[in-house]
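Just the one chain here, the form predicted alone, laid out as structure tokens.
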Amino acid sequence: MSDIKIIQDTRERILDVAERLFMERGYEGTSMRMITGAAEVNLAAVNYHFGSKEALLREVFRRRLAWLNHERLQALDELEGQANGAPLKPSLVLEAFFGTLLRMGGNESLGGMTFLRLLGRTLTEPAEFIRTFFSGEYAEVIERYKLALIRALPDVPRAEIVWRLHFMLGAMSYAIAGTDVLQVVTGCELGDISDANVDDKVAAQRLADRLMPFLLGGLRAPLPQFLDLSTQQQDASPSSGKRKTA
């Protein structure tokens, strides 16, 4: 085996181990010693490839998010091309954004449910440095999908679409994070209310079957009554064309 191949394999092994341990224990609960022990490398190897635990976590996400962001943008490009300038159906927008993520859960080569749970856990309890990292990684994708939803729902105020996108992202984050929140709130674990011991592909599909109709129902829910007057005022306001960022 060549030296380059050995270096590449070592790097990937460190990333795989770090991904699993960060998912199981969280960022703060995972030490570099745990990672080096499980990956069977020394600290010098981790420092050589990544430099620090913060940089290691960022790279764990970057290798997965690069694929996810590309697929989400490509899916939206294809849908908009097929629509020939017409607004997309809201269900298609949600499927391209959230469905693409859920399909990662069924693909072990893309991290499977381990990565999805890590992503959900990190989004629900982000450190400041990772919050900044996510903001940069997601900026283009979020903006494109927000504009697609605005076009898909012309009768919904833009601010309300941002709120609903916020709610949907929150629901997705908690759903993929695993059982912690469910156990605290209901006293149940996921295995208590669903089939246990299914593989990642089946688990990801069942999660999609449950979650996607829920998200679409929330997006299509009636507007709050207090928006009746404010919507009219917004439509008449010269500043109503300004865009808010998510």
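The first residue of the shown sequence is 1; numbering continues from there. Computed from a prediction, not measured in an experiment: that's the story for all the values here.
The same protein also has a form predicted in complex with the DNA, omitted here; what follows describes it.
*Asks:* Which one, 202, 32, 66, 38, lies within 4.5 Å of the DNA in the model of the complex by heavy atoms?
*Replies:* The residue in contact is 32.
*Asks:* Quick one: is residue 221 in contact with the DNA in the model of the complex, heavy atoms, 4.5 Å cut-off?
*Replies:* It does not: once the DNA is placed as it appears in the model of the complex, residue 221 has no heavy atom within 4.5 Å of it.
*Asks:* At 4.5 Å between heavy atoms, is residue 214 in contact with the DNA in the model of the complex?
*Replies:* Because no heavy atom of residue 214 falls inside 4.5 Å of the DNA in the model of the complex, the answer is no.
*Asks:* Using a 4.5 angstroms cut-off on non-hydrogen atoms, would residue 43 count as touching the DNA in the model of the complex?
*Replies:* Judged by the heavy-atom cut-off of 4.5 Å, residue 43 is in contact with the DNA in the model of the complex.
*Asks:* Evaluate residue 58 for contact with the DNA in the model of the complex, applying a 4.5 angstroms cut-off between non-hydrogen atoms, and reply yes or no.
*Replies:* Although the DNA is absent here, residue 58 would stay clear of it in the model of the complex, with no heavy atoms inside 4.5 Å.
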